[in-house]
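For reference, the chain that follows is the form predicted alone, supplied as C-alpha cells.
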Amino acid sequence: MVAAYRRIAEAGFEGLRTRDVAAEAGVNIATLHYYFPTKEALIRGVVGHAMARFRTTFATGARPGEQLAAQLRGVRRLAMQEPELFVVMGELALRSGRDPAIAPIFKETIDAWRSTLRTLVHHAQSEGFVDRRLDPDTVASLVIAALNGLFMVPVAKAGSERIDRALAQLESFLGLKRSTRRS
C-alpha cells in the first residue's frame, strides 16, 4: 500500500497502475492482487496509511484542548515533513466526488474524523479551552473544510507557511493559542 500511496502522490489517480505498484513494491502482480484483490481495496490501504500518519498528530494523555491544539500542530509538522500526504488526501477528495467506488471510502474517513473532532471540541469546551457558544459539530465541519481546502493546493507548491497561517487563524478562532501556551 505504501507503493500505491507513493504512486498517487507522484502521478495522481491517473498514474495509479497496479503493475507499477507491484513493481515498486517488489512483488509480482498476482501477489499484489492476493493482498489487494481490487483497486478499491488498494485505495482503502492507501487511506489507512494516510490516516495512520494523521493519527500521529494526537497527544495521548493530554487534556482535550491540548489534544486539539496538538493535532493542529501535528498537521503543521506533517505539512512541512510529508507534503505528499496532502497531495494524496487532495487526490482522494477530488476523486471521491466523481468516483462511486472511492466516494464511500472517503466519506467513512471524513465521518470518523468529524466524530473525533466533534468529541475533542466538546470536551475542550467543558474544560474551558474552547468557547462554549460554538457548536462542536459545526466547528468539526469547519476544521475539516479548512484542511480539505488546504489539501487541494499541493503543499509543496504553495509552501508550508500557507498551512501555518491558516492553522494559526483556526487556533485563534477556537481560542486554542491562548489556552494551550502554558503547556
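What we label the rigid core is the largest C-alpha set whose atoms superpose within 1.5 Å from one form to the other. Quick note: we count residues from 1 along the sequence shown, nothing fancier. Keep in mind that this is a model prediction, so the values were computed, not measured.
Below, we refer to the form predicted in complex with the DNA, which is not included among the displayed structures.
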>> Just to confirm, with a 4.5 Å cut-off on non-hydrogen atoms, which of T119, S126, T31, S141 contacts the DNA in the model of the complex?
In response: T31
>> Please identify the residue among R114, R53, K39, R63 with any heavy atom within 4.5 Å of the DNA in the model of the complex.
In response: K39
> Should F58 be classed as touching the DNA in the model of the complex when contacts are defined as heavy atoms within 4.5 Å?
Replying inline: no
>> Although the partner isn't part of this model, could you tell me whether V27 comes within 4.5 Å of the DNA in the model of the complex, counting any heavy atom of the residue?
In response: yes
> Can L170 be called a contact residue for the DNA in the model of the complex at 4.5 Å between heavy atoms?
Replying inline: no
> Should L16 be counted as a contact of the DNA in the model of the complex, where contact means heavy atoms within 4.5 Å?
Replying inline: yes
> Any idea which of 143-151, 66-74, 126-134, 31-39 reaches within 4.5 Å of the DNA in the model of the complex, heavy atoms considered?
Replying inline: 31-39
> When you overlay the rigid core, is the Cα of D20 off by 2 Å or more between the shown form and the other one?
Replying inline: yes
